[in-house]
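This document opens with one chain alone, in structure tokens, the form predicted alone.
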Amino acid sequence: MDFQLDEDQLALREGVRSFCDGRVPLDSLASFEETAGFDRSLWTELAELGVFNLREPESAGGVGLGTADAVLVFAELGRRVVPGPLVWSHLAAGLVKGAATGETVVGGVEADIEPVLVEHLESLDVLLALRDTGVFRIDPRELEAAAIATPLDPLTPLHHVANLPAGEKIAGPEVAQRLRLEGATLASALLLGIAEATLEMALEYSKQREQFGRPIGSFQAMKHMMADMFVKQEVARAAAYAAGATLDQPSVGDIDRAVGSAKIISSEAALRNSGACIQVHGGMGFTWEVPVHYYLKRSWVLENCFGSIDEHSERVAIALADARE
């Protein structure tokens, strides 16, 4: 398995990074709170960039790339904590008309897990529900939902749905399971981007902030902390890339173990690096004025999407035990 990016992949990553740097600069994050974490014009631009139709075949109007390429794109979106139901709308391309072009905004839930919490409900045109029996399409306007007054991530509004309608079945259980695996991989990519961005922020601040007449980054304790952050970032990168490559070529490894490992490692890297970045920033790191706070909150949200660390750890442990028998 070769994890070296080719020229096309490097260009893809650079293009998305350049777009995010220009369209979602760090000082703009607070402004997304005014629009409940959703900006229709930004959504259209993301669609034009190819975020949602990236893996759709060219014959269907898509870009025709694979999951490994999608991992690169979503890592860049994670670096800027770009808001919106990005993963679900990407997964819905090919299943829901208009999702690939950004005309239809799609969210989703695991219907059999309580409580049922729907992200970005007020911005959705379609809600997908994953059940053991398949994928079901639900009209968000049919839901009786209560808004969570203070969601953990202010750019990810939440509603609690007490009774989820049955909806219209649009795909079978095999597709539902595939979406779970792909969703966990793309969430891992977003978490990888957070681990990268928070390391960069910590490094930059440690070079500027001085104590006792020296940049704080020159102190040994800071060097050790950021070396640990770098290791976590690199391990997360290897795990997320491996999950994408394994989904593209199942013959290279066990898909469940690759995806589960990526979600565990990327979640831990994002959570640890965000926390360490706040520590590097000292008291300022605990305020909303410092962007790292958005990264920590998004890490907590993503850690619970498409399976938490505990859930994936249990699945990987069972898979390893079965493999020994």
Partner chain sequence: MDLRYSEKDEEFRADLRTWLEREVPAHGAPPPVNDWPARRAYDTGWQRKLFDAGYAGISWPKEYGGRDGSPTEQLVYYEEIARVNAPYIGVNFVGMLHGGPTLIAEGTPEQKKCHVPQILTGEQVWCQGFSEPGAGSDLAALATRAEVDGDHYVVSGHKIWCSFAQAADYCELLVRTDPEAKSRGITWLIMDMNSPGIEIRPLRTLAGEGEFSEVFLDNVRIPVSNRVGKENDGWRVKEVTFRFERGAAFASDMIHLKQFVSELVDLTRRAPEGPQGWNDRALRRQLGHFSAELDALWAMVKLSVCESSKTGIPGVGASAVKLFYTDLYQRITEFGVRLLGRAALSRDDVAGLPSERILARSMQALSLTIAAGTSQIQRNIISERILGLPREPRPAPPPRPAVES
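Positions refer to the first chain, counted from 1. None of these values were measured; they are calculated from a predicted model.
Another form, the form predicted in complex with its partner chain, is not on view; read the next lines as being about it.
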{"property": "Touches its partner chain in the model of the complex: Thr246 (any heavy atom, 4.5 Å)", "result": "yes"}
{"property": "Contact of Ala317 with its partner chain in the model of the complex (heavy atom, 4.5 Å)", "result": "yes"}
{"property": "Heavy atom of Asp228 within 4.5 Å of its partner chain in the model of the complex", "result": "yes"}
{"property": "4.5 Å heavy atom contact, Glu14 to its partner chain in the model of the complex", "result": "no"}
{"property": "Within 4.5 Å of its partner chain in the model of the complex, all of Leu203, Ala242 and Arg257 (non-hydrogen atom)", "result": "yes"}
{"property": "Proximity to its partner chain in the model of the complex (heavy atom, within 4.5 Å), stretch among 109-117, 149-157, 76-84, 229-237", "result": "229-237"}
{"property": "Contact assignment for its partner chain in the model of the complex, among Ala68, Ala47, Leu296, Ala276, heavy atom within 4.5 Å", "result": "Ala68"}
{"property": "Listed residue that, although its partner chain is not shown, lies within 4.5 Å of it in the model of the complex (heavy atoms), from Gly217, Pro140, Gly183, Gly102", "result": "Gly217"}
{"property": "Those residues of 9-32 which, in the model of the complex, come within 4.5 Å of its partner chain by heavy atom", "result": "Gln9"}
